[in-house]
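First, one chain by itself in structure tokens, the form predicted alone.
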């Protein structure tokens, strides 16, 4: 059969797209409902910003990134279902998330089974590579083994806390951080005066705050999610427990300060990211994020997933889309400079150990120290 010139050109263009413009499928799994949903939008927008930038610059060796976004509802069972779909139906080259530590613990073997890299922003030290040696699991933020060590060091050496109280949540994220805090305080020869648990979703901490106050604490360490942090701080102020308050990463984001209001003023936090950080890479990221998302300011962990997309793009450009080759490259060969500084996989499969000590002044988190 003889083809007309117009039809021939259409076929040539189609074949060119098929051969030279393939699609690389990635998947993002984050909480848009349920516990932690207040962070899902930041995660998605950080990742999509990077995807759009890479595609606009020509993609990865001419191929376009396609990002499928799934809601895991911060639930390990839901996370397992959507990750199975991403891995075995979508054939995603890499999975980003989950962002909740309890979900990561439940689903990371799926990535190992599929031989597909999983890059997460969850921060529990309980799934460090040295604890759970999964060659396909990587972390995009400093874990709380690092952050809580820095928290306790600042609490003791700078704030002078000698009789600490702790309020902590019931997820792995909180429980693992509490174990780190106990061990670090013990290194200083300090016993925790009182430790009280507030379960996720609780709206009243009267009993816990009363027990902490009666224990004569001279400082409070907060190891909860954002909502419970706000409840705890509001009631610390209500019951006039006037001591320094320092929390880990969930206490250093707008999701906490928006809920806590004026009660958050003066609170310290160990952060993974601060949008007023004068580092040029942070300034550039904030400007691009705000320009794309109608002036909205980014919050941790947006920067981690933005960096993560660039990490996997670097890996794919270097070794292709085979999962085993990607995991090996991420572990041993990947090294880029991102929003969080130099990103290189360490023995725990963490790509960064950056954390900041900051204090909330009612408007911004004022950076006191940046620790690498």
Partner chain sequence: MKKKIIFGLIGLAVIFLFPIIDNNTYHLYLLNRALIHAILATGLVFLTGFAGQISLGQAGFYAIGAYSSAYFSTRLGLPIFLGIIIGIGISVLAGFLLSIPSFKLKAFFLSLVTIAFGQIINMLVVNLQPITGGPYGFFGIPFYHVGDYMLSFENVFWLLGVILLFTLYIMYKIKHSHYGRAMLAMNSDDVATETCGISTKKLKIAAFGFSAGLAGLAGALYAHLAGFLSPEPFTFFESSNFVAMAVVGGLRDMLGGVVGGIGLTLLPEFLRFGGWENYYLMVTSIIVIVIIIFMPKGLAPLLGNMFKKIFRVKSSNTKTL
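Not measured: the values here are computed from a predicted model. Residue numbers count along the first chain shown, from 1.
This protein has a second form, the form predicted in complex with the partner chain, left out of what is shown; the following refers to that one.
- Contact annotation: of the candidates 106, 275, 219, 266, the single residue with a non-hydrogen atom within 4.5 angstroms of the partner chain in the predicted bound form is 106.
- Distance criterion of 4.5 Å from any heavy atom to the partner chain in the predicted bound form singles out 81 from the list 163, 150, 134, 81.
- Taking non-hydrogen atoms only, residue 183 never approaches the partner chain to within 4.5 angstroms in the predicted bound form.
- Residue 310 falls outside the set of residues with a heavy atom inside 4.5 Å of the partner chain in the predicted bound form.
- Using a 4.5 angstroms limit between non-hydrogen atoms, residue 33 touches the partner chain in the predicted bound form.
- Proximity of residue 179 to the partner chain in the predicted bound form: non-hydrogen atoms within 4.5 Å are present.
- Here the chain stands by itself, but in the predicted bound form one stretch of 184-192, 167-175, 242-250, 138-146, 167-175, has heavy atoms within 4.5 Å of the partner chain.
- Contacts of stretch 73-103 with the partner chain in the predicted bound form, defined by any heavy atom lying within 4.5 Å, are made by 74, 75, 76, 77, 78, 80, 81, 82, 84, 85, 88, 89, 100, 102, listed in sequence order.
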